[in-house]
Each structure stands twice: as structure tokens, then as C-alpha cells.
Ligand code: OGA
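The chain below stands alone, shown as C-alpha cells; this is the form predicted on its own.
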């Protein structure tokens, strides 16, 4: 069966059929998938009942899987698997007050994965193992289009500036579990351009990650926070967004270099098991 790519939204997102991720992918198919990824930013692969090991192998088609620096979310059996789940490794439902859940729930705010690394993540791949029926949609923003549409005062505000991306900002937002010394040392804050150029497409996009951004060069903290909030509010328009309603064994891959995402709330007593791999960055952020 030939690979078929169908656009899901004018802004971004395409469904891809005609491939089985339990089987080896030919070089030709890999090239087609990469081209579709660059064109649509988010790819949706329905009905892909892969194991975690197959998920990791598939990730390597696109790049090297990242090993997360926190044990509270990393899978015990496969360190490449990042568990976005309200069920622990032993199958027990975690209450909303559990520290892991409080951190995971910050994904309900717009962000881009691993922006706090010196070389931020290239992409992410998420497998819907047990999906929610009471919410839990994953929503994506096309940051190319956002940058192109910025009003003059915001375009001037971001030009030539950098934002700080600090993993510890999660602890400040959740106001619960503090980072350990080891976690803090593993992920010191980094500064990234607010406007970046994509290393493959050459296109220019806004680059923010509001759950990690707490400072902007040339601004006091209050003005910096206000700018990030205004940028996030501008980006949060339907014309820039694709909202994915999950089916069991959907696999999604997205480009962290030109998108933001969030998950919508769902019933915390409904099991939701999502396994993610994160693709190591292909180099430092290129200023736009």
C-alpha cells in the first residue's frame, strides 16, 4: 500500500496511512515521511499498536531519542520513554495531588519540549496507549504562521531578543515539588532567540515556551513576563491551531522547532496512558 498523506487543518497537521510501524521502513518511505513532516509540522498515524521498544526504534528513524533527566516521569523499563500518564509504572492510578501529576498537568499550558536544553529537542513522538474520552486533546500551534502574523509592536519587541528557558520554572508554577540539587544541576537555565530559523526549511518562526520562560534580554522581569503572556495569547488563535482527538494507538510526531502544544483537561479518575519519545536536537537554535 502506498503512503497517503491527507491534510487535517489549514494551519498544520496531516494524517498518514499506508505504513506499518511494526515493520522496518525502507529508505524511500523514510524520505517521504520526513518530507511530509517538514510540510505539515504534525503527522498523525492511526492504528499503530507498537510496543515501547518498537516506539523507540521508530524514533531513531527521525533522530536519537533523548533520555529524560527526571526519574519521576521516565519509564523504569525503557529510559527513552517519557510517561505522560496518570497511571504509574505498576498500573496504579495517581491522584491529582501526586507530585508527578502536578508536574504533568502543567502541559495544559502552551510549551515546546526540552526548550530548556542548550540544543532543544528536534521533535517528539507520542503514542496513545490508553486515550481519554473526557478530554485530553493535544493541540498544536503553527509558530511559522504566528510569526508571519505578528503585529508591528510585537515583531519589534521580539527582534534581536532572547528569552530564558528555565526548567525550574515548572516548580514555581506548580508551587509544589521542588527540584532536587541533581535535577537543578542537570538543567541550568539557557537563553534562546525569540525568533528562530528552521535548519531544514529555512523558514522563520516565533520561539517561545511559556511554561519555561521567565526572563527576556533587555527587559525587567515584569515586562518580560507580560511580553511572553501577550505572545502566547496572540498565538492562541483558532487560525493557528490543530486540535487532535485521540484514538487508541494513534502515533503523533511533531516538530518542536516551529510548534507549541498543550493538552486539554480530562477526568483525572479516567486512565490516560501516553508514552512519548523526544528527539535530540540537531544543534543550537539558529537566530531568525
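Residue numbers count along the first chain shown, from 1. In this text, all values refer to a predicted model and were calculated from it rather than measured experimentally.
Omitted from view is the form predicted together with this ligand, to which the following refers.
- The closest non-hydrogen atom of residue 80 lies beyond 4.5 Å of this ligand in the predicted bound form.
- At the 4.5 Å threshold, heavy atoms of residue 261 reach this ligand in the predicted bound form.
- In the predicted bound form, residue 113 approaches this ligand with a heavy atom inside 4.5 Å.
- Although the partner is absent from this view, residue 101 stays clear of this ligand in the predicted bound form, with no non-hydrogen atom inside 4.5 angstroms.
- Within 4.5 Å of this ligand in the predicted bound form, a heavy atom is found for every one of 126, 138 and 272.
- Only one of the listed residues (84, 149, 174, 154) places a non-hydrogen atom within 4.5 angstroms of this ligand in the predicted bound form, and that residue is 84.
- The single contact residue among 107, 215, 94, 187, judged by any heavy atom lying within 4.5 Å of this ligand in the predicted bound form, is 107.
- Only one of 219-227, 253-261, 64-72, 234-242 places residue heavy atoms within 4.5 angstroms of this ligand in the predicted bound form, namely 253-261.
- Contacts between stretch 199-216 and this ligand, counted in the predicted bound form as any heavy atom lying within 4.5 Å, involve no residue at all.
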